[in-house]
Structure formats: C-alpha cells, structure tokens
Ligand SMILES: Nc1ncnc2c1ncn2[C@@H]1O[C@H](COP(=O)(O)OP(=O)(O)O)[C@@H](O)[C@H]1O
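Below you'll find only one chain, the form predicted alone, shown as structure tokens.
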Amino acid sequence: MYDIRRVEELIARWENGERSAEMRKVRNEVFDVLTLRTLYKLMEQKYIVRLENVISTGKEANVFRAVDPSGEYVAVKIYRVETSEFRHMWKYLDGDPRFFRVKRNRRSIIRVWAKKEYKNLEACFRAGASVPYPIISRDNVLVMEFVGENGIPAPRLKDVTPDDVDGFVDTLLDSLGRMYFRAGIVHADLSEYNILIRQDRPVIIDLGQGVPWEHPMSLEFFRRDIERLRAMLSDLGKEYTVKELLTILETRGKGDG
C-alpha cells in the first residue's frame, strides 16, 4: 500500500541513490521517481489518499485500486515509461488533430498517451457510452472510476458470459454506437479483453489507442473493430452481418436517446 508518507519516503530514498532489492521491486511495479512525484501531487491535491493492490498488469500499464478522500474506490492506471512500446503507440498519435508537435521521445509519448485516453473516455462518457468516468490525467498517470463491486474488479467478457445475453448485447451496441457516431471516437482495439461485465452490463475500457474519425487510419481501425465485434457477438450466439451492425450502430449513435 502506498500513502503520501510512503511515497514521500520512496522519493527521498530514490533521490539519495538507494538501489536496494526493495527499490528494485518498486521500480518493477512501474514506479520510477517521476511517477512517484506525480502520485505525490495527486495525493496532495486529494484525488487519492492511498494506492492499494494491482488490478491488472500489461505491457503498457498497470492498473491499481486506490481510495479517494471520501473512501470510495477509484482506479489508477500507471503507464510504464521504460518498457512501453512507444513506437507502436506512435501510429495512433500521428495524425490525431488533438495532439500535434508531440516530441518523439518515450516520456513525452507516454504522457500524451495518458492524456489521450482521458480525452477519449471523457468524450465517450459525455456521449452516453458505458465507459469508466475519467477523473484526472497527469503525466503518465490516469485516475478514473473503479469498475467493480465492493472493491472487487468486474470480470472481462473474455472470462465470463453474461446471464442476460440479449440485454448485454443491446447495451453494448448502444454504447458502441454512441462512441463511434456521437463521440466520434473509434476504439481501435475492441476485443473481449477490453469489455468488463458489471451487473450483467458491459463497460468498455482501454481507450488509449482510440482515434477520432479525422485520423488517417480511422477507417482501417473501425473495420477491424467491426470484425472483432461480429466474432464476439457470434460467440454469444448472436449473428450479424457487417451491414446489419453498421446500421444498428449508426442508428444508435445518431438517435435522440
């Protein structure tokens, strides 16, 4: 567990040049000294009071459960600076009109990537899509809504089948329609790994690679999303043609509801 005193202590030990086994473990958990300073600022400003256990780990980021000043759980996503595949990230950044003159060094790209996920979540949330509510992005850290119950993270669609398949699919198509055609964001990495199931309804996550329609590769990413969506729905016993899905998504996204 990391509270503000613990983070302050680790910063001091890091700056004093300590390279003990404990400090190596801290580094392996994605906490370099700049990340620790970012967490310290977020704690100072009362966005979080403590960081608890890891919810998920990936090549690009670790997600932690944290607690805010009101005692509610939030999720804290910390992008890896040293090991993230930032060259892979560049194709999703290059051509995004919201971000230009991005320095092509690792830390700058990771910082913009976290900001990009925040903006994508914000746009989708405002459009009524079922995504985590974004709270703040700072440097390589993103604080957002915790998706789960009683501190237990919601499972992925990859691991669990919803009880109410019809209701789940209906909500998923509505959310994706709002994402694509109301928020104007293409997810660009849609899969059963990036959809959580909360109270038998979908929550779409991992929008860091999401791009607006103005991006030069948006149509290619969109086609890939649709093919993956067809496969996911087929696994749930729901068969759609591409034309049927496009009609449904556009109708949902451009509707008045």
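From a predicted model like this one, the values you see are computed outputs, not experimental measurements. So that there is no doubt, residue numbering starts at 1 and follows the sequence shown.
Below: the form predicted in complex with the named molecule, not depicted.
Of the stretches 22-30, 203-211, 223-231, 35-43, only 203-211 has residues with a heavy atom within 4.5 Å of the named molecule in the predicted bound form.
A heavy atom within 4.5 Å of the named molecule in the predicted bound form is found for exactly one of 164, 145, 122, 170: 145. Proximity to the named molecule in the predicted bound form holds for all of 56, 153 and 194, with the criterion being a heavy atom within 4.5 Å. Though the partner is left out of this view, residue 134 does not reach within 4.5 Å of the named molecule in the predicted bound form, counting heavy atoms only. Interface residue remark: residue 66 is not counted as part of the site for the named molecule in the predicted bound form, having no heavy atom within 4.5 Å. Of the heavy atoms in residue 75, some are within 4.5 Å of the named molecule in the predicted bound form.
A residue is said to contact a partner when one of its heavy atoms sits within 4.5 Å of a partner heavy atom; residue 48 fails this definition for the named molecule in the predicted bound form, lying far away.
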